[in-house]
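What follows is one chain in structure tokens, specifically the form predicted on its own.
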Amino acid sequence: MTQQPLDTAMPETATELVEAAVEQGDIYSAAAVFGIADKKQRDTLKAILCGRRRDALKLARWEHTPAEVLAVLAGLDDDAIRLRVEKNPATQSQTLADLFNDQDSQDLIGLVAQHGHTSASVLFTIVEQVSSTAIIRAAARNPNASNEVLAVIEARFGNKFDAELASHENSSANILKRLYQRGNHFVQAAVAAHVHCPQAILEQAVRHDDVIVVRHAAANPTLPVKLLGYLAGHPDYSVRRAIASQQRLSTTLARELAQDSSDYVRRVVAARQDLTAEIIGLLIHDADHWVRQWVALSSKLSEQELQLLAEDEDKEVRRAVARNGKTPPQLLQLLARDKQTWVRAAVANQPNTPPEILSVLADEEEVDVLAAVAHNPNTPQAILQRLTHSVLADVRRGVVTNKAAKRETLLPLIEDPFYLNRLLLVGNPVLSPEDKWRLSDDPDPAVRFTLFSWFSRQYQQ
């Protein structure tokens, strides 16, 4: 069925919206309204969605296809279509359960085992009945596998899947304890990093002779505070770096690590949000530009410290100052004249940049600067209107996503030559439903789908 152009007025009800999709005969519009259609309308829509095998195959693979439509496609007597439905990340748990109960293909069961929406109950059945190594491994890695599922895997297969069980967030403390006691160093490292790791195991792990295990234990957020100081003096920098990222790190230890011999450790300290004035004073003079770059983003910098970093020889440090929400207008004005494009782009993207600075940056030719100016809500409306005529799609998209752009500014962009810009306008709250309906017969299927989906949500409310 080919798409027909719509010349109807904007639909006022769900029924009218479905009728418009039926009239259009477009699989994407039909898929978008399927969820709000009544039984009779769904029968008509099914004829559009499944009338041609190539259309059904296309929808079964498309990641945006609604779950209700995927459920319909799963019911077709076509293995290729059902296979694509099983692979589709949008397929929901009930559809996957139905597919699992209706087949014995190991390949298809494997797809169900690894799908992100497969329920714990289906996974439990799989690990009880299947012996395939690949399928069990997929189930053991599935984030929906419950501790009960993981316990069955351990009971049936011993230590064969210890690596997967040690890394799974649902593994219980009891399972982790057994894994650590019998595992190799890599399994022990995974156990040591696990949030359910028993404290007694952590006590052992921090004294392990393999630094990989120690490092993973050092990064565990449940690590006892008494062990932070012990590991802060570890000879391996990677362990100290892990300690530097600990949320419960004391000011004393943070100050000690801010003077660490390793750049990598000091960088982690510089990225912390709880820095004291004393530690900041150390870090802004650090020889490593990455340290200065991270600390330049801190909300606790004084105006004098921001001034110092705004004149840094490294462009990334100056760019970080331009991104800092505390940077005052006078420094933003200085950075707006920076020789590096990325620094000026950061100023243009800064929510606190005044309109007068943005007006100057709007005369640039660099796309990164112009796109940021177009996106900034402080940019004067007259400049936004001028930027809607830019030959650069990224600049026009900046206007499309600008929260302060007015309706008269956005209207010309409904006919933007780049489909993504038109698609983004569908969700814009400034445009009226009548404005958006102009996209109902857009040449791009993603735009049509997005528009009919938007209208469907309005009529469901």
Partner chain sequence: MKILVAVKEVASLDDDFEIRDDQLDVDEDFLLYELNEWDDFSLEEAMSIKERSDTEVEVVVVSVGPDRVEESLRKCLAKGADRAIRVWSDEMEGSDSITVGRILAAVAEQEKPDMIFAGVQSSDNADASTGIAIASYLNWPHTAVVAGLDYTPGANKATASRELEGGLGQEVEISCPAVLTIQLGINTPRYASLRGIKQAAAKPIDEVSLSDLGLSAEEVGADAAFSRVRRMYIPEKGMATMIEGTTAEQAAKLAQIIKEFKGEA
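Bear in mind that the values here come from a model prediction, so they are computed numbers and not experimental data. Positions refer to the first chain, counted from 1.
Beyond what is shown, the protein has a form predicted together with the partner chain; the following relates to that form.
- Among residues of the shown chain, A258 is not one whose heavy atoms approach the partner chain to within 4.5 Å in the predicted bound form.
- Residue contact with the partner chain in the predicted bound form: L361 places no heavy atom within 4.5 Å of it.
- Contact check for R137: a non-hydrogen atom falls within 4.5 Å of the partner chain in the predicted bound form.
- Under a 4.5 angstroms non-hydrogen atom cutoff, the partner chain in the predicted bound form lacks E305 among its neighbouring residues.
- For the candidate set G427, P433, P417, G51, a heavy atom within 4.5 Å of the partner chain in the predicted bound form is found for exactly one residue, namely P417.
- The single contact residue among Q94, S167, S121, Q103, judged by any heavy atom lying within 4.5 Å of the partner chain in the predicted bound form, is S167.
- None of 66 to 74, 402 to 410, 418 to 426, 33 to 41 except one has non-hydrogen atoms within 4.5 angstroms of the partner chain in the predicted bound form; the exception is 418 to 426.
- Taking the partner chain as it sits in the predicted bound form, the stretch 51 to 70 comes within 4.5 angstroms of it through a non-hydrogen atom at R53, R54, L57, K58, R61.
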